[in-house]
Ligand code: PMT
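First, one chain by itself in structure tokens, the form predicted on its own.
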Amino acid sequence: MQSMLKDKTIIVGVCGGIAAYKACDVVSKLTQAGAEVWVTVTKEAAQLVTPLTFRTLSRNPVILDLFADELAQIPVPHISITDRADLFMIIPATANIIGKIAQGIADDPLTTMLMAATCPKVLCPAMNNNMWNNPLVQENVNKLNKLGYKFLGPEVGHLACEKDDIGRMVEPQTIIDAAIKMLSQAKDLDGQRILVTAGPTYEDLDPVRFIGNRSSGKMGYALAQAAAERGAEVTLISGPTKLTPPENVKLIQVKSALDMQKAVLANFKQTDSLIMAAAVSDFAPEKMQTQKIKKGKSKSRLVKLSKTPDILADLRKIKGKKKIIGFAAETENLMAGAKQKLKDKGLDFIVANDVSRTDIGFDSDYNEVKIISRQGQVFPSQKLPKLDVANIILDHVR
């Protein structure tokens, strides 16, 4: 373990939650893994764990006061230390610190250093279950997720308030594993060409109206982002969304199921793996009206629908050794529907998610899925940010 994080600099921010004692184990293990660790604590955290403990474990001065004499030899410490940081972790992340970060407040050494940091940032929440579920806290968490902050946990477990509920901080080893993965992970998809589809399709009824679905495209965009970060050459075929394309990803924008079929077929030969995350409409109006349909006096109107192209069925004929991962968005009989689609489409894996839930899936920043292999193995995920779920799915692409 001694060299896993060699030459890496990690800042650990410790806040005033009862789980602050677990940060000692994290700092110790990070140091043992070869990292240069700097600890900054809030004044509340210093009441729970003495700065001397963190100084001993990290072998560096603990930052409680940016104007302390022991930092005098470090020019502008909140800048010079963060400039060389590879990772910034907050353990535990309280409701207070999450709110301050979300609002851009920098009124102590920890938040000041965090605002100056450009490295990846990981927050490990720990708090009472009611605090975690508070709409204001969730709003702040969602905001930070969108800004690229990574959250580890919280988990369901025994809390300091004697409840067994969500709010328990993840275990130190989970945090260590995440740090090692983020900082020492090889580009395991380097050289891979991955095609990802995302978002809904819109099937025009007339110049004003269309048939579509509630897909936001967030899962597909997360997959494209994660694949690019892991070294893959990524092409993203996207239906209509309001999302910003990930960096280092080739974007092809389409509208209808027919458009998506053409784009997929045009790019499939040049790819190693296809992840079909788009929510392609199954039906389209048989004929698009050239003018807006007037409401008129009739109480009903018959619109004839026809099936849209079955993209995965077409690909089965030319699949060869390419790997194809599909998605099954179901509102009932989740596993049965997913397994049937896996078989019918000749997929290598299928990702099943329950879109009847309002806390995951369509337009949510979170997802909870079950990945099913052709051999019948089931790999369930926890409810996690979609970028984390994307990396779990990509582990089956390698």
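Position 1 is the first residue in the sequence shown; the rest follow in order. Quantities reported herein were computed from a predicted structural model and do not represent experimental measurements.
The protein also exists as the form predicted in complex with this ligand; that form is not presented, and the subsequent description refers to it.
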Contact flag, residue 367 vs this ligand in the predicted complex, heavy atom cut 4.5 Å: yes
Interface membership of residue 310, this ligand in the predicted complex, 4.5 Å heavy atom rule: yes
Any non-hydrogen atom of residue 330 within 4.5 angstroms of this ligand in the predicted complex: yes
This ligand contact in the predicted complex: residue 22, any heavy atom under 4.5 Å: no
Proximity to this ligand in the predicted complex (heavy atom, within 4.5 Å), stretch among 103 to 111, 210 to 218, 141 to 149, 125 to 133: 210 to 218
The single option of 153, 172, 326, 246 touching this ligand in the predicted complex, heavy atom within 4.5 Å: 326
Contacting member of 359, 344, 363, 70, with respect to this ligand in the predicted complex [4.5 Å, heavy atom]: 363
Sequence-ordered residues of 234 to 256 touching this ligand in the predicted complex, heavy atom within 4.5 Å: none
